[in-house]
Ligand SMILES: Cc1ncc(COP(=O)(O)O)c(C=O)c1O
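Consider the single chain below, provided in structure tokens and representing the form predicted alone.
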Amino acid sequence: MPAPLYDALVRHRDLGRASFHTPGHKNSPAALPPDLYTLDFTELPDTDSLFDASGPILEAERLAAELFGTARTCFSAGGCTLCIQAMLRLALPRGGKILCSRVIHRGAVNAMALLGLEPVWAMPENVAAALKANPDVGAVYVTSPDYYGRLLDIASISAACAGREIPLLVDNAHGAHLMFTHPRLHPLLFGAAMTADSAHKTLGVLTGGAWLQIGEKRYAEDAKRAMALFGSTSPSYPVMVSLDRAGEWLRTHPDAFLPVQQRAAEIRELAASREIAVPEGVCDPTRITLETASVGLPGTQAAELFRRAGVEPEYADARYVVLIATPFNTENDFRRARDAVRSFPTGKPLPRGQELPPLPPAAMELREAIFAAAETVPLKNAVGRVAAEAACPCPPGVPVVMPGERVTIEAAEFLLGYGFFELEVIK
């Protein structure tokens, strides 16, 4: 009998492509112990319990907290989503307003609805200014790095939060490894109160493995209770073991990301020699993001050229192609990536998309909008209606409309230009 998913994964594995996508372990035996799947147990007297840890899980988490220098580090087998849910619960247990960067994971939006939080939206570059204009917010939530590897000025934002005595929460899903880069760029080092670290994206951890990192002691005591509110009562022991082993590996390989940074820099320099642009500003030094549209090559076509060269990218859109490199990529992987970049045709830059329209006005609370009855309508008929879903074209990776916002003509025209033709709205 066929097993469609299993068969598809085997076929993909047998392509033999260099993995420049998540998970960060790249299926390397150096990252994952060979007996991992013989350790798929459950909560037993001698295996501990994730949300009531008092034995080996508690000790593994203590060692992780020591590694990261946190007040507490908690394991998650429910991905970064569980860490984000818990982080929001810890910061605002009784609800209230939260200032949010518009670059945000949908899991955070859904968690805010479940917790009855009221988001106040701001563009990433305007978070500190928006904080001054909204004295009634009880926390600030940002994403850094973003998908392209760009880093926010966490130090400035955290200083503004400290002045108001409110916590800064960082979705650091793509930056767990930033504690080990040169220089170290993890948000905890720049004043974040809590971060959600998706360890499986850039480290030797099975998919679904993440850490809730707590920098301020006031949030440490209730962390497990907050995670238990959302987490499965059947967490995967292999995932937790991979988190434990990743911590051990990082303690014994403190400079593992230095050669990754060097190889990534070589590819970016090669791209620059061919006039292919890369993101400006402070970025994750291991992320390889190439703006191939700057030489007339859509990112989606660049991704196909990578695949022909035996490289599987993480992501591509109309302007960019993104590669995630980790210590478990081989020299042959990087050679393939360099060869692919050398093969890219170059020409005149592609025109940039429209500028983002102004943020639409809020017409309904987020929670009410997400749980309301909705219908899908042609985008032209959505103007003036209240959105029931987020519409997020990539690039720029910023939701043009959020649930509860009234769809403006400008927003609809922008979305049409990116190939959106329908939108879910409140009935």
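None of the values given here were measured: they were computed from a predicted structure. The first residue of the sequence shown is number 1, and the count goes up from there.
What comes next is about the form predicted in complex with the ligand, which does not appear here.
Note on contacts: among Q85, Q213, T286, T143, the single residue with a heavy atom within 4.5 Å of the ligand in the model of the complex is T143. A heavy atom within 4.5 Å of the ligand in the model of the complex is found for one listed residue only; from M112, A173, A302, L188, this is A173.
Contact check for K26, L203 and F257: none of the three has a heavy atom within 4.5 Å of the ligand in the model of the complex.
Taking non-hydrogen atoms only, Y147 approaches the ligand to within 4.5 angstroms in the model of the complex. Not displayed here, the ligand is kept clear of S101 by more than 4.5 Å at the level of heavy atoms in the model of the complex.
Using a 4.5 angstroms threshold between heavy atoms, T81 counts as touching the ligand in the model of the complex. When the ligand is considered in the model of the complex, H105 lines it closely, a heavy atom lying within 4.5 Å.
Partner proximity in the model of the complex, defined as non-hydrogen atoms within 4.5 angstroms of the ligand, places exactly one of 224 to 232, 324 to 332, 151 to 159, 194 to 202 at the interface: 194 to 202.
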